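Okay, so here's just one chain, in structure tokens, the form predicted on its own.
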């Protein structure tokens, strides 16, 4: 980026884009609020509660955490997968794969409010190159889904790499109950895209969040919730813990190449972003987030939901105990 007037112009453009995205998000949220006063959006009151989602996690003896430093997201992604044993450990020929990015807002990639499209495209290519039969990319954004997927660059990157982008619509939600949860009970979940899926990969940025303290791998699953999910804001740690129990992915990719250090989850200016040139890949999403917190200048104890997810048996906050594979990519 050039200094002086060019930099100022680019900054103004990004800020305007972010504001436009925020307006769309508010419009979308308002639409959800007005949709139905008798049942959560995405299901009708008569919809029966279905079983919880399958467990897609791997339980072999291989390495479980890789921390790779470098500026090029595609290269650090490839090295992180190699450090964990190679893409063949995660994807088998004929697998149907679902990628869950954070496509929550209609903002450009440089603001780091959403998953960077370079990572989405690179992950799709890795999966298809390993013989995956198909790759689905889906999320339930805050605002208009088509606009969020387009302005974030995720739709174009995914489709050009050979994936199918599935935008949320009412028929794709099912009312599910998570055993033991007081929050996810007969709640609409974006569940149908997971039908027949063999591998699930979460891929998201590291960023600040005004309510939860941070949003990373565990909070990324919030995008599967339908209905008036803002009702969970008052019990944010509990819902993140429940999401960790509900979704047990094959792998998570946490992008700390550039992190949103403040004003999350939407940000709105390049001043909110700090370059950290770090990418985390892990089979343990709790450990991934525990390390990811350090990129925000925080520790696991600052984020109560991490301890709660660990206590529920979903992973460890002691990420160092996993003896992470560390490498640097020039």
Partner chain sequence: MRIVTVRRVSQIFFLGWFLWFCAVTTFGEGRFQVRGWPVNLFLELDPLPALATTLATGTLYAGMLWALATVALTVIVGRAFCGWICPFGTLHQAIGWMGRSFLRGDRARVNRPSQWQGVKYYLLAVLLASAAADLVRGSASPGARWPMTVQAAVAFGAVVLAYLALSRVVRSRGRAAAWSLALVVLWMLAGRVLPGDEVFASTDLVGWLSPIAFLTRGMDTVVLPLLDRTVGLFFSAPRHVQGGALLGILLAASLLANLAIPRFYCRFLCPSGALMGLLGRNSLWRVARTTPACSNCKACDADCEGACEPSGTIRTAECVLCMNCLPACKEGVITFRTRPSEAGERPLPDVSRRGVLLSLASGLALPPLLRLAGEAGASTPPALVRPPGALPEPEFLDRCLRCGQCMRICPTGVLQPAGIDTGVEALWTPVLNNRIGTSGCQPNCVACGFVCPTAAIRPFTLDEKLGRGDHHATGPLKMGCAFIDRGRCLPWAMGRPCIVCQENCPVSPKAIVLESWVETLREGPWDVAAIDDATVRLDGAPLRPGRVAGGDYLVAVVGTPEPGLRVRDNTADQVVLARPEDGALLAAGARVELRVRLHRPYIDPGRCTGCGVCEHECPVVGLRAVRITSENESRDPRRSMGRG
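Positions refer to the first chain, counted from 1. The structure displayed is predicted, hence computed values, not measured ones.
Although it is not shown, the form predicted in complex with the partner chain is what the next lines describe.
Enquirer: Based on heavy atom distances of at most 4.5 Å to the partner chain in the predicted bound form, which listed stretch, 119-127, 77-85, 246-254, 203-211, is the contact stretch?
Expert: In short, 203-211.
Enquirer: Candidate spot 177, 181 and 223, all three in 4.5 Å heavy atom range of the partner chain in the predicted bound form?
Expert: No, the candidate spot makes no contact with the partner chain.
Enquirer: Decide whether residue 137 counts as a contact residue for the partner chain in the predicted bound form under a heavy atom distance cut-off of 4.5 Å.
Expert: Residue 137: no, not in contact with the partner chain in the predicted bound form.
Enquirer: Does the partner chain come within 4.5 Å of any heavy atom of residue 173 in the predicted bound form?
Expert: It does not: once the partner chain is placed as it appears in the predicted bound form, residue 173 has no heavy atom within 4.5 Å of it.
Enquirer: Whether residue 90 contacts the partner chain in the predicted bound form should be assessed with a 4.5 Å heavy atom distance threshold; does it?
Expert: Judged by the heavy-atom cut-off of 4.5 Å, residue 90 is well away from the partner chain in the predicted bound form.
Enquirer: Would residue 164 show up as a contact with the partner chain in the predicted bound form if we use heavy atoms at 4.5 Å?
Expert: Flag for residue 164 set to no.
Enquirer: Considering the partner chain in the predicted bound form, which of 142, 258, 157, 98 comes within 4.5 Å of it through any heavy atom?
Expert: Selected residue: 142.
Enquirer: Find the only residue in 112, 240, 189, 106 having a heavy atom within 4.5 Å of the partner chain in the predicted bound form.
Expert: Looking at 112, 240, 189, 106 one by one, just 106 meets the 4.5 Å heavy-atom criterion.
Enquirer: Within 4.5 Å of the partner chain in the predicted bound form, counting any non-hydrogen atom, which residues from 147-175 show up?
Expert: Contacting residues: 147, 151.
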